[in-house]
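Consider the single chain below, provided in structure tokens and representing the form predicted alone.
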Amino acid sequence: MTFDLPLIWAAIIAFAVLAYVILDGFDLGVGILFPLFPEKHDRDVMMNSVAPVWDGNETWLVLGGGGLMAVFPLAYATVLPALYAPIIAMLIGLIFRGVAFEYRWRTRRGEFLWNWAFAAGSTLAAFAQGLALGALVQGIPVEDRAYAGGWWDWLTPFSIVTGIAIVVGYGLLGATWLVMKTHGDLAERARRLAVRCCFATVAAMGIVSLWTPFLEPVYLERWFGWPTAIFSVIVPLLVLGCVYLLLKGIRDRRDVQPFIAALGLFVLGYIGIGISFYPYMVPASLTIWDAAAPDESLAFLLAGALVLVPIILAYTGYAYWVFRGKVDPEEGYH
């Protein structure tokens, strides 16, 4: 019995990226919303709600990026030069956000600087991720197995829109996370923000979804050709279902339901990207099999992944279990 190792690894990388987006998305969202909560007590609680888990969430980014380099070296070698600027911007944002977690608690005089580092770093990282996504979706020119575009090809109206969409979407995840993890006035304000971010996120998803099929002929065929055109009905209906559950959860004052529904929106958006991309790693240029390393290398790395990924899942799940429930405003992780 033979296995399609490139396809298996494509699924593993896709899962790692999705795990990063939905896990790191909410703590970036908390940072994005930080300026809207000016009270120090509220900001302390907001940071404490994500402090125990934020660094573990970064593991999936390392797995996704490192895995891409190891198992799809050709895709890595063509995508990275095309996206140097937004990736570097993302890393700078993540560094400032990470440092702010520790330094903000060590100073009073300079606390406002670390507040802004936390908010600006989170927003920059989210926006840069959206720029990179938009640049990848719109296509990366490849000639002779190398990037053939220019330095600024990633910066287009479409990539800017996707950048804004990711910032708004992460804001939704952050708001629903705060609904789930906090009490009192902070949770009430988070509920109101969640409703606004929900409508803004769905509007942004609609704009990007209507724009995407006209970027590449393969997208247009995938979404409007038969039989795959059925996805054009199923996915929007599921999105509307998530929106209904989110708004109903907010109205009924449920704590967990809005967050789960917001995650559902991101999963559906990610599935939509997968539907558009398959079977390409670099849309319209490199397929999964074109970009893959030799099968011998994939098999060797898969043996390690079969051990490593369950361990990451186990300690991630354990961390969330240990720090489950509402954050005590009088106590904190720090």
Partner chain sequence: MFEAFDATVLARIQFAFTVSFHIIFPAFSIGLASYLTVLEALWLWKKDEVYLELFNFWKTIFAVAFGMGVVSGIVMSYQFGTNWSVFSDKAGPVIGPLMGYEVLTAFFLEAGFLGIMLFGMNRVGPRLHFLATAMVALGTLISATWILAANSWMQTPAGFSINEAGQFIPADWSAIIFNPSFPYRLTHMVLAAYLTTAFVVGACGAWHLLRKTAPRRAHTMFSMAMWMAAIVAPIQIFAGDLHGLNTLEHQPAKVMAMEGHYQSHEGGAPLILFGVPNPAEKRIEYAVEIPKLSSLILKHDLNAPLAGLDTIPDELHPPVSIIFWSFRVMVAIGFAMLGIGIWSLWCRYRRTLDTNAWLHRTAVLMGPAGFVAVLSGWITTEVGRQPYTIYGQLLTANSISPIEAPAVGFSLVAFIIVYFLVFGAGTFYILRLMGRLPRDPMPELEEGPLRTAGITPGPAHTKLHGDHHDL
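Positions refer to the first chain, counted from 1. Being a predicted model, the structure only gives us computed values, none of them experimental.
Keep in mind that the form predicted together with the partner chain is not shown, yet the notes after this line are about it.
Proximity of Phe300 to the partner chain in the predicted complex: non-hydrogen atoms within 4.5 Å are present. At the 4.5 Å threshold, heavy atoms of Glu102 reach the partner chain in the predicted complex.
Using a 4.5 angstroms threshold between heavy atoms, Ser285 stays clear of the partner chain in the predicted complex. Of the heavy atoms in Pro38, none are within 4.5 Å of the partner chain in the predicted complex.
Distance criterion of 4.5 Å from any heavy atom to the partner chain in the predicted complex singles out Leu74 from the list Ile164, Ile250, Leu74, Leu186. The candidate stretches are 171-179, 230-238, 210-218, 142-150, and the one lying within 4.5 Å of the partner chain in the predicted complex by heavy atoms is 142-150. Contacts between 306-321 and the partner chain, taken as any heavy atom within 4.5 Å in the predicted complex, involve Leu308, Val309, Ile312, Tyr315, Tyr318, Ala319.
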